[in-house]
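Okay, here we've got a single chain as structure tokens, the form predicted on its own, with questions on binding and movement later.
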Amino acid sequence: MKKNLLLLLALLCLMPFSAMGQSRRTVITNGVLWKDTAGNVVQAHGAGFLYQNGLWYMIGEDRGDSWRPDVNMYSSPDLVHWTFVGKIIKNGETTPDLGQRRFIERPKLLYCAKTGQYVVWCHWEGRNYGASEAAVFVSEQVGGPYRLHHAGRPLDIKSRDCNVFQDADGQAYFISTIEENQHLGLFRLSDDYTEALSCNILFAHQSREAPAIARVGDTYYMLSSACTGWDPNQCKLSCSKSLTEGWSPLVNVGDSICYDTQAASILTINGSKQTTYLYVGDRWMDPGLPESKTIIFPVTFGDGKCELHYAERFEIDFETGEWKILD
């Protein structure tokens, strides 16, 4: 009898939470430095994300050496417990220019199902932000090693602050501030995600940066900020039925400094009861670049509008998609 009871307890310990009728509730706390599972400060600023096989992969700038950032990768099942995967792009090793004549900002990660490759797009910059280029790195494994595919101005267009977007049909896009931060450029990518094929100019002469796009049903929503360096400013929303045209006039969302953040990514949680969207932003210079905080909170979209639900603490159930603000 005792032996059977011990066997039953062992089996229960091996069962996933969902098999035991448990949820995957996680509490996310904002305003604190994240630590990885080894106890080290997480360095992944301007973060990009990829969800694959039950894990979130996050890449971002390692600002431990403030002005010579490597690119780090972490993995997590719940956006709280982060395991350091490695430096997937490293100064002086991945390419000699990196850390000397060039540095990286806002690296973003894509997976191309057609090639089986992982692709990183990023802002590839030089002294005094005069280069205004993008770079592309590729790998056959999510954790690397990554190698430089090419770098330069996409379609010979000056490009800086950037993001990526992968549509429901698998088509991928690179979006960046272009031509001295005057406009946003939406670059349609090749089937292997490594080349820019065409560019549509969006929000001409409105000086928007930090673009982040989500698709909800048949509508695209874009959040972006003004260009005020490291200082936060008013986040604005636009929406459209088409990525390449028809974007609505910009409207304010959130408070006047977007809760002291600048957008980095919008994550989609496909739960059994609802789909939830999470805003991920950087709280830059808090108090310095290496200590800049990563901030996450729910955002709701619908009827051409969105609402940012900033909270110091909130709970999310990754199984159902449900969330609630905590006191």
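It should be emphasised that the depicted structure is a prediction, and the values quoted were computed from it without experimental measurement. Each residue number is its position in the shown sequence, starting from 1.
The same protein has a further form, the form predicted together with beta-D-galactopyranose, not shown here; the description that follows concerns it.
Peer 1: Does the 4.5 Å heavy atom contact test between residue 105 and beta-D-galactopyranose in the predicted bound form come out positive?
Peer 2: Taking the distances in the predicted bound form, the answer for residue 105 is yes, it comes within 4.5 Å of beta-D-galactopyranose.
Peer 1: Taking the shortest heavy atom distance, is residue 209 within 4.5 Å of beta-D-galactopyranose in the predicted bound form?
Peer 2: Residue 209 belongs to the contact set for beta-D-galactopyranose.
Peer 1: Using a 4.5 angstroms cut-off on non-hydrogen atoms, would residue 294 count as touching beta-D-galactopyranose in the predicted bound form?
Peer 2: Residue-level check for residue 294: no, no contact with beta-D-galactopyranose.
Peer 1: My question is simply whether residue 229 lines the interface with beta-D-galactopyranose in the predicted bound form - judged by any non-hydrogen atom within 4.5 Å.
Peer 2: Yes, residue 229 sits close enough to beta-D-galactopyranose in the predicted bound form that at least one of its heavy atoms falls within 4.5 Å.
Peer 1: Among 84, 129, 247, 111, which has any heavy atom within 4.5 Å of beta-D-galactopyranose in the predicted bound form?
Peer 2: Exactly one listed residue reaches within 4.5 Å, namely 129.
Peer 1: Which of these stretches, 229-237, 194-202, 143-151, 165-173, has heavy atoms within 4.5 Å of beta-D-galactopyranose in the predicted bound form?
Peer 2: In the other structure, the partner sits against 229-237.
Peer 1: Using a 4.5 Å cut-off on any heavy atom, which residues of 309-326 would contact beta-D-galactopyranose in the predicted bound form?
Peer 2: Going through 309-326 in order - heavy atoms within 4.5 Å of beta-D-galactopyranose in the predicted bound form - there are no hits.
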